[in-house]
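Okay, so here's just one chain, in structure tokens, the form predicted alone.
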Amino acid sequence: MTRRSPLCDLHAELGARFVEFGGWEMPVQYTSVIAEHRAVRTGSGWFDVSHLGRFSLRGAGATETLRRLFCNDIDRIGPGRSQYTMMLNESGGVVDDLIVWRWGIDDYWVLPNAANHERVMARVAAAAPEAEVVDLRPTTVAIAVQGPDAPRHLAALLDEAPRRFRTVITGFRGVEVRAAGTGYTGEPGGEVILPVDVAEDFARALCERGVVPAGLGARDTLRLEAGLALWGQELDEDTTPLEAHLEFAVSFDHEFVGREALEGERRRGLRKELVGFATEGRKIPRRGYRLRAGESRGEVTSGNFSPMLERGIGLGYLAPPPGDGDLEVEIRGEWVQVERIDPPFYRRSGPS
């Protein structure tokens, strides 16, 4: 059964076109993907991200459970902060990549990807039998506010706006809400989790301030321009954080599931490597297109047109990891030489 966000009626009122995503009916766009994308890059936009997973973990053993199950070390941050991390399997593959919001010593909110919410929550609950685990999705709505103007709008609407990778327990019109200075666009802003009964008021308040509603289409092109990995495309259980260039989120100074495999990979070298690239002009690489560089072979995992750079951009894996030779992608039966670029493709100061 497809789930619907509590904001579905508002999305329809705003002219949204819907798609099924991760078992949810969600808005893919309102006007156009490019217009919504550029609104976020140049001003501000808001996204209903209620499909994303979220559950609380509180009580005895919570901290040690997260340290054991996740490859980043939650003890590297204190209360009032958030952390990007991953759950791995014994082979070092990525079961899920996620964000943890820390409220206290043994008090957390865990935000997995939509498709992985149930299994991540179940694995955490099984590993922390004395702690309390509560599914937050039935009672809350999640809204991301992103763009250079987003912090100003958040500060105007909330009692306290979050700074980058900080968490706050704040308020909206007298109701407690929680927020973090995180997002998936490469822009400033934050993600706000509200009780269902005030979520529509918050969304309408954003619209009244000129914050543009944006759909999943723009969210995907924004994250690709920012060079951010997507679980199920750049990340899966056969891909390690090291192959995806996510070493920053792996802390080898603590024990975690998959550590031994990653240490072996560091000694032996990578099987494959994630590369970024851009085409000349409007030739668009698509997921599944073949890649090659010298003796290395692979395929595109994400590709699209960049509204800000006005050229095609993409990510993909090559095995074995390529050297410095020419990189090519097969587009509609023709091998096209592309420019290799280390993501992000677009930064606030301009193109990379």
Partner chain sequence: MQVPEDLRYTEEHEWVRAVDDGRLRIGITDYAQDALGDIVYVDLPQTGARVEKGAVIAEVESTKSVGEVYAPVGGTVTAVNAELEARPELVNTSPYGDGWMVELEPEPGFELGSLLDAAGYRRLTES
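Numbering follows the first chain given and starts at 1. Quick caveat, the model's predicted, so the values are computed rather than measured.
Not pictured, yet referred to below: the form predicted together with its partner chain.
Note on contacts: among Asn304, Ser56, Ser296, Thr63, the single residue with a heavy atom within 4.5 Å of its partner chain in the predicted complex is Asn304. For the options Arg173, Arg282, Arg76, Arg204, the residue carrying a heavy atom within 4.5 angstroms of its partner chain in the predicted complex is Arg282. In summary, the region of this chain contacting its partner chain in the predicted complex, judged by heavy atoms within 4.5 Å and restricted to 66 to 74, 47 to 55, 321 to 329, 304 to 312, corresponds to 304 to 312. Using a 4.5 angstroms threshold between heavy atoms, Arg17 counts as touching its partner chain in the predicted complex.
Interface residue remark: Val33 is counted as part of the site for its partner chain in the predicted complex, having a heavy atom within 4.5 Å.
At a distance threshold of 4.5 angstroms between non-hydrogen atoms, Arg287 is out of contact with its partner chain in the predicted complex. Along 62 to 100, a non-hydrogen atom within 4.5 Å of its partner chain in the predicted complex is carried by no residue at all.
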